[in-house]
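Okay, so here's just one chain, in structure tokens, the form predicted on its own.
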């Protein structure tokens, strides 16, 4: 990828990057079903967004289809891959090999060849040394050494809340470049470390709010 293209894509909105990943998942399913072309309204229906949003996102990455056939699915998958994926691939570690950590390894295994979970960490002696889908659980005390030896650049935090802050610091000190925090406790990282925080409780409460609004609307209509 040229420097100009890299600089352009670096300015893409965060939400656009999220949607590009979602588009690719949907497109891969369509490709596996022997579909070769797709229109913006079809992508929009799968993703529950508007066709205008799909076209806007694809215009931002410089890809356009045709009026007659829409977008070439294979080409679009390749374009998205060039933007999102690293040429060399990126290694990932999970800190916290409890139910969530193990579930993430099981789910993610084999999904992306350019993004690989290569190590897990925990403080529980009963988990250290165990294998989950071929991923070894290491002692968290050896985190820096393993991260550097395995060239790990992304860390996923799935530890108990009380360990969140210390775990984030360990990852930063080990040279991690990106952190995905799955605990409900926010963390602070240096500017050179990209941070995403996903609080499942907050997300569930957001869904519950809209369900509540819909139920209240139905109750009001029933009273009329």
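Residue numbers count along the first chain shown, from 1. Keep in mind that this is a model prediction, so the values were computed, not measured. The term rigid core refers to the most C-alpha atoms you can superpose between the two forms while keeping them within 1.5 Å.
Omitted from view is the form predicted together with another copy of the chain, to which the following refers.
- Look at 163-171, 50-58, 179-187, 63-71: in the predicted complex, residues with non-hydrogen atoms within 4.5 angstroms of another copy of the chain sit in 179-187.
- Another copy of the chain is not drawn, but in the predicted complex it has no heavy atom within 4.5 Å of residue 127.
- A residue is said to contact a partner when one of its heavy atoms sits within 4.5 Å of a partner heavy atom; residue 195 meets this definition for another copy of the chain in the predicted complex.
- Put simply, residue 156 is close to another copy of the chain in the predicted complex: some heavy atom of it is within 4.5 Å.
- Mapping the unseen interface onto this chain, residue 140 falls outside it, with no heavy atom inside 4.5 Å of another copy of the chain in the predicted complex.
- In terms of contact with another copy of the chain in the predicted complex, the residue from 83, 77, 146, 118 that brings a heavy atom within 4.5 Å is 83.
- Residues 184, 185, 186, 187, 188, 194, 195, 196, 197, 198, 199, 200, 201, 202, 203, 204, 205, 206, 207, 208, 209, 210, 211 are the members of 183-211 with a non-hydrogen atom no more than 4.5 angstroms from another copy of the chain in the predicted complex.
- Once both forms are fitted on their core, the CA shift for residue 202 between this form and the one not shown remains under 2 Å.
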